[in-house]
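Take a look at this single chain in structure tokens; it is the form predicted on its own.
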Amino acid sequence: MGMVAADRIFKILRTESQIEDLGTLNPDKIDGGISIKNLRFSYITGEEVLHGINLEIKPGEKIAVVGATGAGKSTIINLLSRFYEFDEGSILLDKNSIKDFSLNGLRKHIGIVLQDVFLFADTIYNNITLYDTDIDEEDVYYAAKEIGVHDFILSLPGGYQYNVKERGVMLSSGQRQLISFLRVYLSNPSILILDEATSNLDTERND
């Protein structure tokens, strides 16, 4: 069983990225203006998913993209982060093509909170910081209090050292989303994307 598992891991390690990392831009800070022009994309040749999308988002602006399931909302997120290459059109970030950025230089400015959150079989603290040594405990505690999850974490056995097990099975879907919010909040991205990120959270009532 160990050899089979190792073979799968080695196949992943040998997989070459289909995204060319040829960009050179790697700014420390961006304003976050996004311009999407005549964007066309298809997962399968001949079966177009996006049909010439145009969208302008100003720095600091908050917008909502709505549509039926399968309309292409998450696809736009994937294209913005360069998980896929689009067929036609352009995506500009601060008036520069996203292809002009290095992959790291682009993705470090984008924070995404998804509906289905992945947590590692590790402590809550390590799942929040992802072993980033530039983040200290005080930063984590302050951010947790700002978001309103500090008391919830302290209520767990071991608090921030509570092990959530594989994929975070020891937490509810809503609790995993809160941890994901905290993780992104600490990274302080210039662009924050929420993909149905509150679907499992209960609203708080103040009677």
Ligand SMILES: Nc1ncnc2c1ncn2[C@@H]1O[C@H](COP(=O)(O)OP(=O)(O)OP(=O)(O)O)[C@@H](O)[C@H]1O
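Keep in mind the model is a prediction, meaning the values are calculated, not measured. The numbering used is simple: start at 1 and walk along the sequence shown.
This next part talks about the form predicted in complex with the named molecule, which is not shown.
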| property | result |
| --- | --- |
| Residue stretch of 55 to 63, 42 to 50, 144 to 152, 157 to 165 approaching the named molecule in the predicted complex, non-hydrogen atom distance within 4.5 Å | 42 to 50 |
| Joint contact, Ser35, Asn38 and Ser97 to the named molecule in the predicted complex, by non-hydrogen atom at 4.5 Å | no |
| Contact residue in the predicted complex, from Thr129, Ser81, Ser74, Thr123 (heavy atom within 4.5 Å of the named molecule) | Ser74 |
| Glu196, heavy atom within 4.5 angstroms of the named molecule in the predicted complex | yes |
| Contact label in the predicted complex: Gln115 to the named molecule, heavy atom within 4.5 Å | yes |
